[in-house]
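The chain below stands alone, shown as structure tokens; this is the form predicted alone.
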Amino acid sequence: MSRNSIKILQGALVCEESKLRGDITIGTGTIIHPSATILAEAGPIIIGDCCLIEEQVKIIHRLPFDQQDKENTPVLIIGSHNVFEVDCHVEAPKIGNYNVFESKSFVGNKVTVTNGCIIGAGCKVTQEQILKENVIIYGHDCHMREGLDRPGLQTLQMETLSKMLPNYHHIRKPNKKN
């Protein structure tokens, strides 16, 4: 994709050092750490409100290898209140709300993540599937079970980061009104 179109809504906190490429919209209250990478190769990415995208995270919207038709590639919509922990790699074509992608997890581009899911640290999910709501994937063998409730909000961490990050990093200015 040759053209960058980065739209940052009022209240989002995006560090200058983050790598953003393509047509990306960042929702209110979302925090993107330095050295996070978001690439919209196949089409636009819309990130919902109050998401936390930590260091070394890679979110990539690309065509599956068996799909050559760029015309029918949908927009990657990432819902609200998602947490992408350090060094996770996510290529899912659709992500709902209230999900947690723990450190060093990997989600392939044929996996749809619904709402309230937790992808455990180091877990790799690549088989084509739609994860049911509140699913927890955990352990060395990536066991799957249903959670009783969705993951908790990261409100305290988000408040702390919104005060601390501007003290130590350059922040991109919002360019869209809500």
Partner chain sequence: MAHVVGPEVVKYACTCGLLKSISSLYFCRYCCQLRCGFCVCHEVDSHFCGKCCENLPSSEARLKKNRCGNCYICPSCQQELSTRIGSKGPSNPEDPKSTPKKMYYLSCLYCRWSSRDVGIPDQSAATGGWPDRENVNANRLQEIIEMYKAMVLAEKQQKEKDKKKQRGKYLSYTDRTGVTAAALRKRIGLPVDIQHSLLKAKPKEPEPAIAKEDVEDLPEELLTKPVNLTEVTTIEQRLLQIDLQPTTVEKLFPVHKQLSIKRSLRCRSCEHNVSKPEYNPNSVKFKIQLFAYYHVPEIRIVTVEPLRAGRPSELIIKFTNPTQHQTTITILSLVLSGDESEVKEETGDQPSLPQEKQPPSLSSQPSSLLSLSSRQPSITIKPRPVSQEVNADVAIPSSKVILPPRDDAAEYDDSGDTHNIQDDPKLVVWRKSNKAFVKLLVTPKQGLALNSEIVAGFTMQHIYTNTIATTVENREPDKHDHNIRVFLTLGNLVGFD
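Residue numbers count along the first chain shown, from 1. If you're wondering where the values come from, they're calculated on a predicted model, not measured in any experiment.
There is also a form predicted together with its partner chain; it is not shown, and the following applies to it.
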* Contact segment among 135-143, 28-36, 105-113, 50-58, judged by heavy atoms lying within 4.5 Å of its partner chain in the model of the complex -> 135-143
* 100, 118 and 148: each with a heavy atom within 4.5 Å of its partner chain in the model of the complex? -> yes
* Structure fact -> Taking its partner chain in the model of the complex and a 4.5 Å non-hydrogen atom cutoff, the residues of 10-32 making contact are none
